[in-house]
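Coming up are structure 1 and structure 2: the same protein chain in two forms, each one given alone as structure tokens.
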Structure 1
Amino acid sequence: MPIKHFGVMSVFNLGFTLTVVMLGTMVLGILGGVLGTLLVLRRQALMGDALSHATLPGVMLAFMLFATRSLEVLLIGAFLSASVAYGLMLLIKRHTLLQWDAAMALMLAGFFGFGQWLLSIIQRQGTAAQAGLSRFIFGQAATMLREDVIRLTVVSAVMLIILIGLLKEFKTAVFDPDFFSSLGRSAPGIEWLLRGMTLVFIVLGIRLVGVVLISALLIAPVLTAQQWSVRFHRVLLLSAFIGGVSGLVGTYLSATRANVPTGPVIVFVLGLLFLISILVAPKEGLLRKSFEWHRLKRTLTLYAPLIHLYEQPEGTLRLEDVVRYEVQGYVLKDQDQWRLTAKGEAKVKAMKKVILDES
């Protein structure tokens, strides 16, 4: 049975079907975090966005041809449509001077516009069967069947197992494709596998998150994780965790409040986590950077005369600066002229290095 809207409830009193859906979106979010890490590091972050938008005309054409809302039929149409878009991108890249980003932008706009046009035609027909097709745009987990969610969870789990099992190969292909090829491995093969899994992920997720926002599950977890670490395995684990938590929380909020699409809620949670991360991350957070910048400004104000004396040895110092620097061991008097000590020179060089790093 489709999921019912339960209203506000305790997380310890969830219906079984809603629990299954939350588990499914959590696994999908984890898969998006892992897969998205590889895509972002391969500089193919927009691939998911282009292919997700390209699924919309396939869904509409499948409905128009077979007059059914069967999820399997509609997702097959989505898969074929996105495959055609990807094939066209390859042709454009191979036979024109356009770059990947231009080809992806062209497919994104063209296919999504075509899909919207088909949707408007279907809606003008006024048939009862077309009800709910617009939910593919933003997603709605509350209308999925339990069997659909279980199938989504199983396929996502299998893809996760494949990714983890081939993680070493994916990592080598991402960071050093020439070395990967020199080992006798097929770099194009691993590339095709990555793109194929991206396509399957998009087709799996569009009913839950929607064609407009499914790419956020690939990109946002990685960008959030990169605020906390730059090490590959840490980013991978953090991305998986962030994607899973966002899917879990977003689906709960969507399903327990009537008429709230799942996709926007999940993306809102992702956006909230990203904003928190860019503010409070220990190394790259804006609050830390702001604190470090103000501390640097105070240090520069305090030791500006010392820097001036380093750059102009014949310069003079004010009496209050002389007293402070002499006590700290940064200057000494040499024939009626104040000079930097070795400690003073080291202090200035350290500050100049900090200034260079900040700039």
Structure 2
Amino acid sequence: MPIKHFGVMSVFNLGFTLTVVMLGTMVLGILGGVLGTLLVLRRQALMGDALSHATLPGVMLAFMLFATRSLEVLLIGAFLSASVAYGLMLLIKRHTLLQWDAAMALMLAGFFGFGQWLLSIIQRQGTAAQAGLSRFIFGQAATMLREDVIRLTVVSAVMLIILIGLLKEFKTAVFDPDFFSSLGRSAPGIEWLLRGMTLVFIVLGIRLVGVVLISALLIAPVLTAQQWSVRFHRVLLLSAFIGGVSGLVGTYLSATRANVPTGPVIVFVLGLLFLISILVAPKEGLLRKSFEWHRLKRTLTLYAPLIHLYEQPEGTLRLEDVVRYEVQGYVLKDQDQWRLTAKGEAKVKAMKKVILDES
């Protein structure tokens, strides 16, 4: 039964289910933004992608062993199998000469294939309850129940509290693990905490956006936020904000149109925000850059003769330039020779500095 008046959302007259799902994806987006900031800075951005694919065999095994579709059981299975995959990756990294990215790719695809293989066993047995399992691959936010959202929100809130409470520790460990260790704190401990939380995040999130796209929630908000600022705390806040907004807007867009899956829409919204940020970001944005470039070009065509005069004090100037410069107070006639005034020299130095910065 739809309840029309539910908190702030009642302004939009959204149904109760949609409101609940939107809240869920928003919370997930916020958590993804915060966690992703740490992961991207730690250069483990692709961790999410590898781990999410590796959850599949766990889900299938849990289903086969316990013959249940109870979400808790399946999620625990997912968590365990992603942990095993991660453990294997660390093992390979530590004890062999194989590259980390290759290990990641193999575990990603191998575990996914194994999960697929288990799924084909389940399908052969023809259990009636198999239908929901493929949802884990592509995600389906629309089927979230109130209990799902409550669990998601509680777990996310706990993780956010841990993250915020230990923010100083995380920040130091991310930027300078050696310094962090020298303070007598456990850098591996923080590392393991981050890994554990990433696992939990992925296990919670695959149900909403699916295994392929979950890593976007960890990467895209951060890269977007990084276009606007380079300060850790600002990137963190912005990234959480962008993640939350994308979750909210994406879910709304997908719910109001038929047959549009939620995950891709959220990721699409994230992509749009990223593109917009690249264009209009105040310092590094492409628009600002091209504007500055044109202004520099104009300044140079107008005032290049001033630079020549600065480099060669005996040089001459063309009449039309001289008239303009004298009016603007950049040059002064001194015994048949045009000389730069103090203002003119300042102008030349400023231009030179801009040119140096640009090149």
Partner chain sequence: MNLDILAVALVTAVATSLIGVFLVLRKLSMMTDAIAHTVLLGIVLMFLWVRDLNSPWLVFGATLSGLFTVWLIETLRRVRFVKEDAAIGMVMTMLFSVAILLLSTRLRRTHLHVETVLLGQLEFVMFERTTLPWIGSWPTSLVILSGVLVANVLFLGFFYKEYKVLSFDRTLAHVLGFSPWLLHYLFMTLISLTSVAAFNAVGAILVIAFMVGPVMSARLLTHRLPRLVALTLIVAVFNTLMGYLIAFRWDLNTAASMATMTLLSFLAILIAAPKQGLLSRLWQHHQQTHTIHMLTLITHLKHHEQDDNVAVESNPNTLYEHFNWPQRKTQKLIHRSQKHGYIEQKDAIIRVSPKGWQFYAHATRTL
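For residue numbers, the reference is structure 1: its sequence is counted from 1. Only a predicted model underlies this, so the values are computations on that prediction, with no experimental measurement involved. Throughout, rigid core stands for the largest set of C-alpha atoms superposing within 1.5 Å between the two forms.
Q: Among the two displayed forms of the chain, which is the form predicted together with the partner chain?
A: It is the second structure (the form predicted together with the partner chain) rather than the first.
Q: Does superposing the core leave Phe112 with a CA shift of 2 Å or more between structures 1 and 2?
A: Yes, shifts by 2 Å or more.
Q: Tell me whether Trp100 is among the residues that move between structures 1 and 2 (Cα shift of 2 angstroms or more, core superposed).
A: The answer is yes, as the C-alpha of Trp100 shifts between structures 1 and 2 by 2 Å or more after core alignment.
Q: What is the C-alpha shift for Leu332 between structures 1 and 2, rigid core superposed, to one decimal in Å?
A: For Leu332, the alpha-carbon shift amounts to 8.1 Å.
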